[in-house]
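Here are two versions of the same chain, shown separately as C-alpha cells and labelled structure 1 and structure 2.
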Structure 1
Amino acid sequence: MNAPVPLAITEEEFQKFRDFFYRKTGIHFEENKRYFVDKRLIDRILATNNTSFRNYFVMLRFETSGKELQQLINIMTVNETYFFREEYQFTCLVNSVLNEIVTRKRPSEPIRIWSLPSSSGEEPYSLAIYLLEYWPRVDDYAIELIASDIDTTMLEKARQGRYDQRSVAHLPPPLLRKYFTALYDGSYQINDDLRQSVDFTQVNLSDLAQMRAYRDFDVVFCRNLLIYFDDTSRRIAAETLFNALNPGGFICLGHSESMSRITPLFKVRKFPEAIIYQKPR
C-alpha cells in the first residue's frame, strides 16, 4: 500500500465548512482558529475513511442521521464540567433573574430551578452554593433545586458528591473549605447539607410523555446539551423545556450555544451579565 497522501484543508474548503458549521450551530470560527479547525477536520476525514475534504463534506452535509455533525460539534467545542463553570450566568441569576422572578411570587411559593444535564453534579451544587453565598434574599424563599440526567451512572456519582482537584479548582478557597471535606486521597467530599438540597432524577428530554411531569420551573439551566442533538430531537427538546417553564421563566444555554439555531419559542433578554432566554409571559 502506498503511503497516504497528506491531507490539507484549502482556504476555500475552510470557508465552506465555516459557513456550514455557522449555519447549523451559530458558532463562527475566526481566521485565527484555522489551525484548530483544520486539524480536527482532518482527524474526522481520516476517522470516517474518507480521502478528501470534498467526499467528507458531502457525507457530513447529506447524512440523514446527523451523527457525523454531532461528532464534529463534540470535538470543535470544549465540553467539560467543573464548579463555577461559566460563572457569569450564576452572577446573572442572583443579580438580575431571581429578583425579577420573585416580583411574581407569593412569599409561600417556592422558586424552582432545574439543572440538566446534571452530569456528575458540579452544576447543580454550584447553583446551590451560589444561591446560599450570593443571593441576599435566599432566606426569604423556599428554593427547590432539581437536577436531572439521562445517565444513571452520572446521577449516582452526583449523589455521592466526591470530586477531584480539577473539578473544584475554580472555587474560591473559603467556599471550598466551607462546603467540602478534603479527603486523604486528594479528592473533595461535598457536605451533606448540599447533597440533601439537590434532588437528582433520571430523565430523557426527548420523551415528551415522561417530560410532561416536569413543570412549574422558574429557571432552567440547560447548558451544552441541545447543541449535540440532531434537528428533530432538538426541536422536541425545545418544546419540552418550554412546557416545563412557568410563563416568564428563564432558560440558560451554554456559552457556545445560541437559541438562534434552536427555536423561536423564547424571547431574548439582555441582562448586564449575560443573554438569557425567557418564556413569554
Structure 2
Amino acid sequence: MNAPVPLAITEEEFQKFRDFFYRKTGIHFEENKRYFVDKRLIDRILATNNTSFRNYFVMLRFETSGKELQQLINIMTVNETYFFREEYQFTCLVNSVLNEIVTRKRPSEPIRIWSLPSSSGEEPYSLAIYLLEYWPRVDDYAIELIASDIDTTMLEKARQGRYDQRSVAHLPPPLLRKYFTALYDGSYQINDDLRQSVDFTQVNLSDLAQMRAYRDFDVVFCRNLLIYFDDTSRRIAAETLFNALNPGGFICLGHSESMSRITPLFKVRKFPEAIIYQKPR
C-alpha cells in the first residue's frame, strides 16, 4: 500500500489564502513568510479533519460562526513582547505627554489610554506600573486603560496575568517583588489590583464597523503592528487610529515605524525622551 502524500500548499493556494487573510485582517504576508504560513495553515487543515486546502478554504469562507477564522488568526499573528519594552516611550508619557494632556482636562474627565495590540498583556500592565511608580499626579485623575488584540488566546493569557522569566527580565527587581508573586514553577503572577486596572477587549483594526466603538482616547500605543500591513491597509489603519483620538491626542509607534511616511494627518512631536505623533487640536 502506498503511503499517503503529505499535504502541501501550492503557489496558487498560498496566493488565494493570502488575499483572503489580508481582506479580513489587513495583514499582508510577504513571500519570505511562506514557510511560516504554509506550516500553520496545514496544521489547521488537519485539525479540522479536512483533506485538502480546497475543502478547508470552502469551510473557512462560509462558516457563519467565524470560529475557525479566529483560530487561524490566533496562530498566524506574531506575539513578541516583554515588560518595559521600549521603555523610553513610557518615560516620555509620564514626564511630558500626560502633563500636556491634563492642561486641557476638566477634573471630572478621565484620561484614556489604549494599548493595541496588547498581545499577552505586558505592554498595558507596564503602562499601569509606570503610571503608579513614576507619574506624581496619578492619584489626581481617573485613568482608563483599555487593551485590545485580535488574538483571543493572547487576550485570555493577558487576563490571567501569568508570565515566564523572559517576560519580566527587564523589570527592576523591586518592582518585580512589589507587583508579582513568584510561583513554584519559576513563573510570576501579577497582582489582582493590576489585573483589574486594565480592560481587555478583542478587536480587529481592519474592521471599520467594530472600530467605531473606540473613540475619545488621549494616548494610543500601537507599536510594531503597522509593519505587518501593506501601504493601503497601513494608511486605513492610521486614519482609523486618528479618528479614535481626541483632538490633541498622541500615538506612539514602534521604533522602526514612522507615521510621517504613512499619512500627513498627524504632526510630529519631538520630546526630550522620544519622538511621537499628535492629532492636531
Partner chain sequence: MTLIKKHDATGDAPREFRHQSRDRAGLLCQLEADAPEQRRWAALDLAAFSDAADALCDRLEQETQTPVREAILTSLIQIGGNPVVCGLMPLLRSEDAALRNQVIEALQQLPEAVSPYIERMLADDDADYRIFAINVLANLRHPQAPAWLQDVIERDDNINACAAAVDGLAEIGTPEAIPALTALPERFADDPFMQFCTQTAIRRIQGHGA
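Here, rigid core means the biggest group of C-alpha atoms that superpose within 1.5 Å across both forms. Counting starts at 1 and follows the sequence of structure 1. Predicted model only: the values in this text are computed from it and were never measured.
- By the stated condition, namely the form predicted alone, the second structure is the one that fits.
- For Lys267, a C-alpha deviation below 2 angstroms is recorded between structures 1 and 2 after rigid-core alignment.
- For Tyr56, the Cα coordinates differ by 2 angstroms or more between structures 1 and 2 after the core has been superposed.
- Comparing the forms between structures 1 and 2 on their rigid core, the Cα displacement of Leu72 reaches 2 Å or more.
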